[in-house]
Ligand SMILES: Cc1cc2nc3c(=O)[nH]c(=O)nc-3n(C[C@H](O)[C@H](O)[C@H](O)COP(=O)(O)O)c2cc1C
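Just the one chain here, laid out as structure tokens, in the form predicted on its own.
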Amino acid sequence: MSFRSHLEGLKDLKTVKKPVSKKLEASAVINELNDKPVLFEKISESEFKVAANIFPTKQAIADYLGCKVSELIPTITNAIENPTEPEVVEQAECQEVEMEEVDLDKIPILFHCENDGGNYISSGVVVSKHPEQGQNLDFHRCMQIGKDKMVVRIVKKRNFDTFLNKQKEMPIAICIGNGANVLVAAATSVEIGRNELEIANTLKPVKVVKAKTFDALIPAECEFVLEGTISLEELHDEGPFVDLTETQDVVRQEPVFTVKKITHRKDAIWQALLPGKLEHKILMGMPREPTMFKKVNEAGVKCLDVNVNPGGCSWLHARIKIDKKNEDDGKKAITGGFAGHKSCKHIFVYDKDIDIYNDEESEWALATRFQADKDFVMKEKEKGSSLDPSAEPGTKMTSKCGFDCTAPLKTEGKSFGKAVFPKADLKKYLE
């Protein structure tokens, strides 16, 4: 199922018919709607429509993939472990129209927040290819700096960074308007040489087509494709940009992407993604949950669920639910969790009776089952996340810790379970 067909099937889609500016106004409406999907029919500076908030929750992702929220971790894990080749087509919707001239000003690339460095593509899936190691899909924010140029933020030591450092200059395609299968696959962290489009195809079948300007396969049913060349020889200021933590990232020198061809679907719809908000968080954090789940189980603990929760920016915090069998299972789970997500800063481990999606229940367990002198795990200072503004500038060194919020197996007469209160049908008592 394509992004387009999914959008058309959304029953709670809000439609904005009046003209809206791509500078600040569209992002303001997206922000106010929070997790409600929206379609802007008229963008003042462009002929194209814009859709946003399409996958802001786990439920939205699960609905697209055709599974329950509780099945997301095994579903994504299965796709990572059992990739399948997608169908290759000769003609594709994403190449129905080819722009006569490259002009990024004609596309509704949003200016999201005050003090941003420019208009940003934040939902773009970057497709790159290495002669020996094959294809790679990844997310990289792209700031417009001209009618045919963008500057691309590239996180060091990621697969795409490895490709670029080896080739210095290489062709890429940025694909916008993708289904949740492609978005989730692009957000996973897998070893170099793995083609994330094969992970996407296992999540839900996807068709692919050869790019127009280089030998790579791209999602055939996406809305827009920007093809061109990125080079380490041409650098430009990138930023400021509001990142996952809802704080503005610093300005860096990053490589420039020269756009040489733009293709799109007929009546194409631009997929916007508001930085730092729910859709950004869910697509960043959720793909880390299967790796944490796996590492906790490998540590010898029965893991039941993982929630890289929005309160921790869907990146720096994680809640882990376990079926505790041994007194040290909580601490083992903390160790496994950090092994599964190295950017995580604080990990909280809970018993199976705690709803790790409920803030009040999670805090209740911390209050009633945690003792700092024996349940607190302090790690040596180590490299953390560049997204954490409190990490040491330059080195990203940070302090990490874990909280074992599980009840002891031997309670010594104390009660750690919540009391069960009687229930009443108020209709019988109140008029």
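The first residue of the sequence shown is number 1, and the count goes up from there. Keep in mind that what you see is a predicted model, and the values were worked out from it rather than measured.
Below: the form predicted together with the ligand, not depicted.
- Exactly one listed residue, out of N201, N307, T263, S122, brings a non-hydrogen atom to within 4.5 Å of the ligand in the predicted complex: S122.
- Checking M284, L217, I145, V102 against the ligand in the predicted complex, a heavy atom within 4.5 Å turns up for just one residue: M284.
- Across the options 151-159, 299-307, 330-338, 171-179, residues that bring heavy atoms within 4.5 Å of the ligand in the predicted complex belong to 151-159.
- With respect to the ligand in the predicted complex, the three residues R141, A187 and L273 uniformly fall within 4.5 angstroms at the level of their nearest heavy atom.
- Among residues of the shown chain, S314 is not one whose heavy atoms approach the ligand to within 4.5 Å in the predicted complex.
- Residue contact with the ligand in the predicted complex: E289 places no heavy atom within 4.5 Å of it.
- Contact between I230 and the ligand in the predicted complex is not found at the 4.5 Å heavy atom cutoff.
- Interface residue remark: H280 is counted as part of the site for the ligand in the predicted complex, having a heavy atom within 4.5 Å.
- Taking the ligand as positioned in the predicted complex, none of the residues of 393-431 brings a heavy atom within 4.5 Å of it.
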